[in-house]
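Next up: just one chain, as structure tokens, the form predicted alone.
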């Protein structure tokens, strides 16, 4: 769903004079959510707008290098102020989510707000709550769409290295360093950002080469003690218990990327990372090729996302979720002779 010529004209008029703008993204923000939010904020501030980013929950410390991240409000920590910012906003930008339940308790406040709402996202089936929608499921990331948004507004000269660093962060993280979810436009955006002074090597280093000793030991535990393979269905599973969270003092962001290690195995085409939380079990799925983990999460785990990267959750025992995942595999993956 692209912005029409009329939409662009209206948006130019809307953003021509300073406004109070709130940018929202989804709970458990990742590199694309944070990068698109900060990139858009830096861009909008060039017009004199007063911009506040509200994150539903804490962000991974991996992204501390991005300028302005310390100024983001975290709803879980500052609920009253977050609601106040939403209530007085002239414009609300919703990035990297397609439904208001992804911003938790802020959803009803956004729906009731009289502010103009702009949705920029690349997930399936966006809810019809926004006045302006830029939605493209073929895009690598919301950061790619923010670049498109800036281009459509005819304001590319305002794109600088700070905006570029934020947007390139989303490109890197949502494509696994350009290993999946890419299309020709993705590389064109990457090239354009590099021309603006982005140090892509430096960003890769900051994102992937700054893990702590605890995270490295946790990864070793996951691979040595918590990995299970289902080779006849080309599947791999890593499941963490509540006790694992205690033993390794696991915090938000410590398990980022663990699921991807399963797909490094020869013959593994679908990976599940299952975590037992205090009151719920969460599941992250990744896949290769035509295996749609989005369908699996939507149909069996109250979730969704992208074809090859999705998540879900359920109020159940950890072993029940593991068993459920194994049970649904035959519906989505052809049984084969193991090649491991």
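Not measured: the values here are computed from a predicted model. Residue numbers count along the first chain shown, from 1.
Beyond the structure shown, there is the form predicted together with a small molecule, which is absent from this document and is the topic of what follows.
K.L.:
Can you pick out, from 57, 61, 302, 277, the residue that has a heavy atom within 4.5 Å of the small molecule in the predicted complex?
P.N.:
Only one option qualifies, and that one is 302.
K.L.:
Please tell me which of 117, 221, 206, 123 lies within 4.5 Å of the small molecule in the predicted complex, judged by heavy atoms.
P.N.:
Spelling it out, the residue with a heavy atom inside the cut-off is 123.
K.L.:
Can you work out whether residue 226 and the small molecule are in contact in the predicted complex, taking contact to mean some heavy atom pair no more than 4.5 Å apart?
P.N.:
Residue 226 lies outside the contact set for the small molecule.
K.L.:
With a cut-off of 4.5 Å between heavy atoms, is residue 312 one of the residues that contacts the small molecule in the predicted complex?
P.N.:
Although the small molecule is absent here, residue 312 would touch it in the predicted complex, with heavy atoms inside 4.5 Å.
K.L.:
Looking in the predicted complex, any heavy atom of residue 102 within 4.5 Å of the small molecule?
P.N.:
The answer is yes: residue 102 has a heavy atom within 4.5 Å of the small molecule.
K.L.:
Report yes if any heavy atom of residue 306 sits within 4.5 Å of a heavy atom of the small molecule in the predicted complex; otherwise report no.
P.N.:
Yes, residue 306 lies within 4.5 Å of the small molecule in the predicted complex.
K.L.:
Picking from 64 to 72, 282 to 290, 47 to 55, 34 to 42, which part of the chain touches the small molecule in the predicted complex when contact means heavy atoms within 4.5 Å?
P.N.:
That would be 282 to 290.
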